[in-house]
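Form predicted alone, single chain, as structure tokens, below.
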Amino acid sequence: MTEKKLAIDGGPKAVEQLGPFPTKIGKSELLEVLDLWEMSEGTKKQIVSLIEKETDLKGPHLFRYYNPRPSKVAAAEKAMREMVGVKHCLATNSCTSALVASYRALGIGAGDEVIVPAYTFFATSATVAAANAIPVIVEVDDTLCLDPEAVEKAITPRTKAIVPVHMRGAPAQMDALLDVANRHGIPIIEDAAQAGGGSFRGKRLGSLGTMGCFSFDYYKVIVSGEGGFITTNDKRLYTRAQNWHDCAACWRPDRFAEEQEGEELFCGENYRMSELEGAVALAQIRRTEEILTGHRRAKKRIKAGIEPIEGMRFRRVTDEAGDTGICLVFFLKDAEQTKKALPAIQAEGVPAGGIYDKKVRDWHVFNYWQHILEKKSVASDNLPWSGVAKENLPKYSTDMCPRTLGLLSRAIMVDVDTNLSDADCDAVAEGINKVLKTLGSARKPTTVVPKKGHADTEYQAETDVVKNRKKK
């Protein structure tokens, strides 16, 4: 038997070609995805028939990296970067992941402190602990966002970040918070999970702080089912966040190269966004202004149609033009009046809810964060709490932020859909008015002027509400 010349030496290949093979994802997967949309049976049958007849269907490459086609995730990052107005943008699988990657990019870890608001979804605080740092929980004011004065009082030499949350779609007091942060040399991470597309004095949320984090969860302003984004103007932080989100060192300009700029190689996690979510996110980002216009129009009309009563006031919004308009919040004079009004307003068909109710374990309110209040740990090392001397740990309690609890106990929140018609808005306002008229006399809307040193003019009254509740 004559030995054949090796291919490496110029001989013929033993394997000229394998395949072609069908793509990993094909017709059956496409049909399952289409089944997520509700459509008439006739339309559905036509689409299914066309797909079944297709003989050259090639499925998508759902991994964003090493994709033979242009990546939808990369396109979504570009669109988000341009919309927010920053130099760098990274897609992640959630805002929770975006927060962790941001904390880690900043080098936050054991022994460090991060200031978070007492009213936010638990993830804002939980991710601090997940990064082995200590969450420092402080009051919100009548914006329902971080109170700058409370933030300044909470700063210690261990404070490594401040996390304003643009809660329920409205911007935090970024001018005052940036002033505090800059004077103390502390970075700000904007949690814009609930405020995608919003702005503050002409600048998009997510572009004002050192880093910004967004959620594209289905219940947010712009959505992809699941997903998130990190925005920043700092190339170093972008690279570190990028590394952390892809097993850290698996993705760099050259994943197999030695470190180029330092601080690139470390052990990370996997927070990548898939091409399916990237495609939906891209379409939604392109529709942002359309979505926001609907929310803002509807909120403005509902608010204009409400006839305030004595003791009632609307949530203070730091920038009406930058508010996403996803909800309208107003405070009644006390918790008892709110407790009476809320079910009556709901009975009128108004999509309203109480933000704070002791019967509901609302993960947006700090007094239910027992994981943190009780300093629970996932392992015997007792991190993050063991990373700080006991005398330096925050003193947590379920009533540690009385102003927050007082505000929330008096608040009624009305959800605002982007598709509400003028008639819908008028009906919502009328439903609210019907109930308010039974509670008290009408008054002219007033502008709340904050007292010097307190953004919330009713701080003492709200503190008394909590104290009286404790006595009972």
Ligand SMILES: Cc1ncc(COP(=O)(O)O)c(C=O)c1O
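Numbering starts at 1 and follows the sequence shown. Here the structure is a predicted model, which means the values were calculated and not measured.
What follows is about the form predicted in complex with this ligand, which we do not show.
- Interface residue among 161, 312, 165, 100, judged by heavy atoms within 4.5 Å of this ligand in the predicted bound form: 165.
- This chain is drawn without this ligand; in the predicted bound form, the residue among 220, 104, 299, 204 with a heavy atom within 4.5 Å of it is 220.
- Using a 4.5 angstroms threshold between heavy atoms, residue 231 stays clear of this ligand in the predicted bound form.
- Taking the partner from elsewhere, residue 189 is found to have every heavy atom lying beyond 4.5 Å of this ligand in the predicted bound form.
- Residue contact check for residue 227: one or more of its heavy atoms lie within 4.5 Å of this ligand in the predicted bound form.
- Within this chain, residue 396 is remote from the site of this ligand in the predicted bound form, having no heavy atom within 4.5 Å.
- Picking from 334 to 342, 176 to 184, 210 to 218, 76 to 84 the stretch near this ligand in the predicted bound form, with a 4.5 Å limit on heavy atoms, gives 210 to 218.
- Contacts between 175 to 208 and this ligand, taken as any heavy atom within 4.5 Å in the predicted bound form, involve 191, 193, 194.
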